[in-house]
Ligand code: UDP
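So this first bit is one chain, no partners, the form predicted alone, shown in structure tokens.
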């Protein structure tokens, strides 16, 4: 296990985004939870939405008076990450059989990472996603500890071989968190089932306000012509994010508006070896169209550059085929950009069709809605206001922190009740 260092955050800096009643809720919960020790455990500390959320959530909870450590599993090989990528894909509905060798690899690295946990002393363990889910098998719960499993992916139609295997472990947790009810079967049998939507940090480099001039300067460095319309999708290169479908959308739009440009902006994570293959497939399909820019963190893309692309884009897409939540939707809405998203998973929680963007199911429908936005700047302005307010109320990191505090307090109170 490796301990992740995060930048400090000050909760007072976020008060401007909170309603008075929300501040009161924080105060009441913190009186009960001051000094509680929490271990967050994930597969990686960069390159994906889970890591991004924890880089904000962990320091914010620490500033509130909790004692939170963030650990990532270590010593894992590409062999393990290939197996866990199959878990990710099959839990989202991809066909495939769970081989005995895959099970052995998965459990071996969970056992390996559980070894240093034997001497850990925390009140709460929050284990993120399938990769470390079996840690609970190799590091048995002790009296007073609470174990929470947090699922960030879309498990609404899972490959049942993979789900049944995972269920052996997650059914032992004291609580399970999903992003929405659709991701859990009715007769789930999981303890303290909780629904918490992911969130964005309004004060991170990715989401702080940028002047249009500064944003244009940044994207201009990547070959974008700031005087021509731009469609962007900010996403990992992954079959579920459908970058190949985005290229098809762009080509339909370009027939009507030849001046349009496309940016596909992504981050490559070390726990996603499949991402490189899909990046190369995307580049091959893009071909030699110089109005298509495909850029990653290896081209200098950081949170600031993502911010700039979202700020200047005329249309933002998130054309996912499966989506646990899709933080990039909330990010773009926060910047006043209407978003066209796949009518799947957590995207449906964020986009109100026709109010702050559009929900679509096909390439053709997506292209039609993109053209509608590109031709109607007044509609864009109206949707912009609606989107930003929805994010302020529902999808900021403060909302996420409050939801975790409520769950911790709920589990604490149940333990106290049992001991009376």
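Quantities reported herein were computed from a predicted structural model and do not represent experimental measurements. Positions refer to the first chain, counted from 1.
There is another form of the same protein, the form predicted in complex with the named molecule; it is not shown, and what comes next is about it.
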| item | value |
| --- | --- |
| 4.5 angstroms heavy atom contact with the named molecule in the model of the complex for residue 155 | no |
| Exercise: residue 236 in contact with the named molecule in the model of the complex, heavy atom 4.5 Å | yes |
| Close approach of residue 326 to the named molecule in the model of the complex, 4.5 Å, heavy atom | yes |
| Interface membership of residue 346, the named molecule in the model of the complex, 4.5 Å heavy atom rule | no |
| Contact segment among 336 to 344, 281 to 289, 260 to 268, 110 to 118, judged by heavy atoms lying within 4.5 Å of the named molecule in the model of the complex | 260 to 268 |
| Joint contact, 38, 146 and 412 to the named molecule in the model of the complex, by non-hydrogen atom at 4.5 Å | no |
| Heavy atom within 4.5 Å of the named molecule in the model of the complex - residue from 246, 76, 231, 306 | 306 |
| In the model of the complex, the residue from 203, 301, 175, 321 that sits within 4.5 Å of the named molecule by heavy atoms | 301 |
| Contact set, 51 to 67 vs the named molecule in the model of the complex - heavy atom within 4.5 angstroms | 52 |
